[in-house]
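The chain below stands alone and is given in structure tokens; this is the form predicted on its own.
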Amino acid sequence: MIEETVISKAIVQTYLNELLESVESDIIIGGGGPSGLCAGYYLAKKGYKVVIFERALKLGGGMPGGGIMFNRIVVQEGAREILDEFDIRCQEYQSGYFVAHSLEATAALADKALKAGARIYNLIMIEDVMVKDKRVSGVVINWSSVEMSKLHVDPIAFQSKVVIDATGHPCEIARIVEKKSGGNLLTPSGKVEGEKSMCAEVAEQFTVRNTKEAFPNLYVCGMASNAVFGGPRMGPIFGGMLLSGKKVAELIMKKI
């Protein structure tokens, strides 16, 4: 016999138990796109306590849509080894260009991150950060549906040693810090520089190069690094996103 109340209890109890254990962590990642999932995997694999908050229902950011809803993505030669790390199949299109199925890539990134130990919560948005001694010390979260419904519902706080902004083009966490810190980001202007027009070759290099600390204890990766430090967008080539996720994990492992 199947008892509906047992099903309800199983869902509520196991979710809340894990959520309670996630209130304090080593790293909080805002955004479950390719760079956020990649960073979460490499950090969790090394034993760090990682929590990922994704505001949408699905994971993967723009990756599932591929290019113009053709569910394929391109990865350049330098990032091929990351595809292998995640067991993502690909085929060489021409020298230096590899094509992968965007849905397989998304599923593999999420699967590996979860199995490495990262805790992922979808439908949750980061609406603010905690700052102590002029350093980011955690985030303030709420349900995405609360924002969408414009309800006045108070959020709750989660503490971490480091926060990663992997929210993509909007760079939501960095913009919160910019607004509330009076423009003290570690950029030339002290503010979000803004994303520039598409130039894939420059953007791929820029993404990785500017994967770094944007404010004490706040790191940016993926498209958030482009938006914060003023780089161009790159379209449906994802090697830089994956390399950025791996790089931010390595930087944080050296710090904490």
Ligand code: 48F
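Start at 1 and count along the sequence shown; that's the residue number. Small disclaimer: the values here were computed from a predicted structure and weren't measured.
We do not show the form predicted together with the named molecule, though everything after this point is about it.
Proximity of Ala56, Gly60 and Met63 to the named molecule in the predicted complex is complete: all three residues have a non-hydrogen atom within 4.5 angstroms. Screening 222-230, 185-193, 209-217, 39-47 for residues having heavy atoms within 4.5 Å of the named molecule in the predicted complex returns a single hit, 222-230. In the predicted complex, at least one heavy atom of Glu172 sits within 4.5 Å of a heavy atom of the named molecule. Although the partner is absent here, Met241 is a contact residue: one of its heavy atoms lies within 4.5 angstroms of the named molecule in the predicted complex.
Taking the partner from the other structure, the named molecule in the predicted complex has a heavy atom within 4.5 Å of a heavy atom of Gly168.
In the predicted complex, Met125 approaches the named molecule with a heavy atom inside 4.5 Å.
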